[in-house]
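One chain comes next, on its own, written out as structure tokens in the form predicted alone.
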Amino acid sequence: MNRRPWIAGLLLSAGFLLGLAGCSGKTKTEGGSSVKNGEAGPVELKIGANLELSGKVAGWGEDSKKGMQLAVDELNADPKSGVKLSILFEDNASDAAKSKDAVKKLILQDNVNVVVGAVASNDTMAAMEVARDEHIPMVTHASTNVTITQKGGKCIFRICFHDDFQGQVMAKFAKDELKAQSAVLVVAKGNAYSEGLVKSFKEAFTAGGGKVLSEEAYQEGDTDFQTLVTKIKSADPDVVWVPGYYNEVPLIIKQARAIGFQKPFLGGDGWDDPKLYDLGGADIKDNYFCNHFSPSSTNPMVQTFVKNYGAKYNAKPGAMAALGYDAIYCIADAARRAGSSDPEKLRDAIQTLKDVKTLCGDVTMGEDREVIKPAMILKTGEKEHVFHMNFK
């Protein structure tokens, strides 16, 4: 992961200076518990989950919820876990304003000790100022826009890799593995996730000698992409970088294939949903995207998770389920080491996560509240994606 020297510039921003207060000073400790050295008994912890349980990316929110609930159930059933967890789920309806309201409710009414979520970067960015101002630690398991930890203050953490890393990985993959010399970039306008990934891919691809032939755009919710795909075909790039969500991406690919454009499309973790195949059909085959997790991994920890998830939900888990599961285990590790559910102590313990074994790679938290983790490249098949290679 690229560690950029952004500190000096951000120190000039009033938002960042406010964020430096972080979880220090005033803290909410209602309902908190602690375990003194030598005492038996678990730390009781109330977790608030801010998720997209309805709206345009409800599939990701539901998968996250399932992964989180499975982790909570496992930890509560384990007498050696050192924690007793309760989790409250709030639906932000895939809407930034409602995401902010959801976190307000979780913190001010439900008195949670820590917040996890959201999935979409726009939703996390809208909500994180509430957690910052109320001095409650917040862990996003899936939002990848690079500015989240930079602007959120000392209470805001991320356990997934961010867009700069993801864009760099896919640019390098395009150059080194696909031998691509040219690309067309396609962005979802107004979507912080997509805009960040287009920027990072472009920087890495051109730095490696690649040529960007054109940059195109669409609006979330669009279904007719004829003008867009005609421009792509006319440019005739070696690859097309489309870091959007699973709602529109398959329609873009399908309509491009229908007019005869056969070069590979590349994307980010926003592709990871079965609806990619429901909407795109056979045209989705033989494209590539960057992701956090593959259920086909031979890692015994992953296979146990896949088995338990399938037994509980009769489904195969995707990356959002795995990341939600990992987030709960990271929070539990912090609570156990802190010996307390006090938000300030939890914040300090999350900041010092070290070598926590998770489904998506070992988690060690950096001073910038980011983790360093490998990425994997998945290839789209006829009905589901398959592991292609690990890539750093």
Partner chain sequence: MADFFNFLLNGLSIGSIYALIAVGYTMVYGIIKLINFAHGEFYMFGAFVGYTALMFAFGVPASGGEPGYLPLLAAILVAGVATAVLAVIVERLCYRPLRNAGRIVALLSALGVSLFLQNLGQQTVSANYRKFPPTIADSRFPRSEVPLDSIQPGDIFSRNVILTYAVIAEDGRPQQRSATVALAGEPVEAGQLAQARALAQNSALEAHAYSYARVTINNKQALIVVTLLLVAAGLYLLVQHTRFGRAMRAVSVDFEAAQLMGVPVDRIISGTFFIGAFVAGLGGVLAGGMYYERIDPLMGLMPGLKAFVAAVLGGIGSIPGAILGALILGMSEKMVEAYVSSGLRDAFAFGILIAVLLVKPSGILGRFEGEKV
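All values derive from a computational prediction rather than experimental measurement. Residue numbers count along the first chain shown, from 1.
Below: the form predicted together with its partner chain, not depicted.
**Student:** Can you check whether residue 177 is within 4.5 Å of its partner chain in the model of the complex, heavy atom basis?
**Tutor:** Answer no; every heavy atom of residue 177 is more than 4.5 Å from its partner chain in the model of the complex.
**Student:** Can you tell me if residue 278 lies within 4.5 angstroms of its partner chain in the model of the complex, counting non-hydrogen atoms only?
**Tutor:** It does: once its partner chain is placed as it appears in the model of the complex, residue 278 has a heavy atom within 4.5 Å of it.
**Student:** Please tell me whether any heavy atom belonging to residue 312 falls inside 4.5 Å of a heavy atom of its partner chain, as the geometry stands in the model of the complex.
**Tutor:** No - in the model of the complex, heavy atoms of residue 312 and its partner chain never come within 4.5 Å of each other.
**Student:** Within 4.5 Å, heavy atoms only: does residue 262 come near its partner chain in the model of the complex?
**Tutor:** Although its partner chain is absent here, residue 262 would touch it in the model of the complex, with heavy atoms inside 4.5 Å.
**Student:** Of the residues 203, 216, 133, 195, which one places a heavy atom within 4.5 Å of its partner chain in the model of the complex?
**Tutor:** By the 4.5 Å heavy-atom cutoff, the listed residue in contact is 216.
**Student:** Just to be sure I understand the contacts: of 258, 301, 207, 97, which is the one whose heavy atoms reach within 4.5 angstroms of its partner chain in the model of the complex?
**Tutor:** Filtering the options by heavy-atom distance leaves 258.
**Student:** Pick from 320 to 328, 52 to 60, 353 to 361, 336 to 344: which stretch has a heavy atom within 4.5 Å of its partner chain in the model of the complex?
**Tutor:** Answer to the contact question: 52 to 60.
**Student:** Judged by heavy atom distances of 4.5 Å or less, which residues of 196 to 224 approach its partner chain in the model of the complex?
**Tutor:** Residues within 4.5 Å: 216, 217, 219, 221, 222, 223, 224.
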